[in-house]
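The data below hold one chain only, encoded as structure tokens and taken in the form predicted alone.
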């Protein structure tokens, strides 16, 4: 498939607020993104012309924001609405090898739906992890440094060299990835063995470090994970906000070249062009 033929569904509901940046990241690379409301996929309160089918897209994106006001907990309501009407379509989408990207609130939604970490199937019935309140107990909006630790399975990082440190900003209040206390170490080891760990928060020397380098207290400094097949990927930082070099905080020191987030979108479109 040509990149120019790749259709991207950027899914939104009330409260999402990063759909435009996500849409433009794919559009600038020549793909065919579309901002789609959840009601268009469920066929609720829409005309026949407005209705859409998930099967018609090659990429699904769950953008950042505060879907449904983050009531109950971040991403929970959006995830419940997806699972109640689209579980079968979503499972078929993932089973077909089509990529799914969740950024910030989108990552929270993927965890709530059971699409990540998906240790025991494509989409588990109940969440196997949680993105809880930051250790600072406040909203953290700051530059963060991410080291790629994935060894090659993730479709979204194939164009990022191993151990490369990327500057990708974070903006969240509930970004602390945690697992059941009694099984946390075992789960992290299994994620590592399965090559499901993708990014970790580090300091400028590339070492694991605490606050502020890790803005939330996430287990083992994990910033992003994928499923076992590598086609479902979630991360808390926002690659769409550093598509261009001039949106980096230090851009005046080195204004040339692409932003560090661009490679995420280039990687998945490269995957689509080869696999689908």
Partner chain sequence: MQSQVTIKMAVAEVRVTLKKGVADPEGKNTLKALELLGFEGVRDVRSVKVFEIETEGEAGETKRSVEEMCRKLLANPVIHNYSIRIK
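Numbering follows the first chain given and starts at 1. Because the structure is predicted, anything quoted here is derived from the model rather than measured.
The discussion below concerns the form predicted in complex with the partner chain, not included here.
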Testing 69-77, 144-152, 198-206, 159-167 against the partner chain in the predicted complex with a 4.5 Å heavy atom criterion leaves exactly one stretch, namely 69-77
The partner chain isn't shown here, but in the predicted complex which of 178, 124, 194, 87 has a heavy atom within 4.5 Å of it? 178
Taking any heavy atom pair closer than or equal to 4.5 Å as contact, tell me whether residue 171 reaches the partner chain in the predicted complex. no
How about residue 129: is it within 4.5 Å of the partner chain in the predicted complex, going by heavy atoms? yes
Taking the partner chain as it sits in the predicted complex, is residue 136 in contact with it (heavy atom to heavy atom, 4.5 Å or less)? yes
